[in-house]
Ligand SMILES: Cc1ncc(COP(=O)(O)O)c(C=O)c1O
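Next up: a single chain in structure tokens, the form predicted on its own.
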């Protein structure tokens, strides 16, 4: 399937979708009620961002998306270069400088009465809308209160966490656990009681100058990778290993990472203040995270004219 001509800059001011092979306003994008992506959560997706008019680490997001497609035996009718063109087109058409940019592939709709996933025609969608923060800058300054839920994340033996997916029921229920207790957001644990991840973010603890984060059972986030690489660049000791809840609760600093905000400091764990907020290690990583957006090897500028 060929990619249509690049849309006009700002053609769909405020946001643009790509569905059924065409650029359309966000309000016109549609998915069938019978698509297995909707009825069975049989889909994969990825979310890239643009900041000040340029994609950040787009190649890494494309790598992960195509790897996820392969693992789920899904396919899209576009190669890597064409997909890049589509994503750029969505941002351009929306007239967005700072954007949240999603690419999605669903299993699609199988023939009537069929239950064989091989018979379904896979569907591809993409969209760009204004940048989405996990927590607003105002909330970050005020301080995020993280709840450690006792709910267990879906086992990696059941659903590969390195494939970005919509299996979020455990994460959503953990959010209700947090809200019921007056906290802002949540993270879940694995069968051994170690911290895994939260809804859309990875979790880090800093103890005695050493940064800790989980080594398994989590999505290997691009922002997580950036924080890990920045630790090496800044000579900050790092340990990627199981993250016990006690270590998180006893940490000097806690932060989370997400494309929706980068490195975000945590002020409280279940209502108890984290000793250092924002801590010096977190602050160094946060500053470096935004600074790295300016490095040419990580920038993919959008052409608006």
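Quick caveat, the model's predicted, so the values are computed rather than measured. Positions refer to the first chain, counted from 1.
What follows is about the form predicted in complex with the named molecule, which we do not show.
The stretch from 239 to 247, 268 to 276, 34 to 42, 253 to 261 that comes within 4.5 Å of the named molecule in the model of the complex, counting heavy atoms only, is 253 to 261. Proximity to the named molecule in the model of the complex, taken as a non-hydrogen atom within 4.5 angstroms, holds for one residue of 149, 202, 185, 122, which is 202. The partner is absent here; in the model of the complex, the one residue of 106, 223, 213, 174 having a heavy atom within 4.5 Å of the named molecule is 223. Remark: residue 179 does not count among the residues lining the named molecule in the model of the complex, judged by a heavy atom distance of 4.5 Å or less.
Of the heavy atoms in residue 219, some are within 4.5 Å of the named molecule in the model of the complex. When contacts are judged by a 4.5 Å heavy atom cut-off, residue 197 counts as touching the named molecule in the model of the complex.
Interface membership of residue 153, defined by any non-hydrogen atom within 4.5 Å of the named molecule in the model of the complex, is confirmed.
Against the named molecule in the model of the complex, the set 61, 164 and 168 is in full contact: each member has a heavy atom within 4.5 Å.
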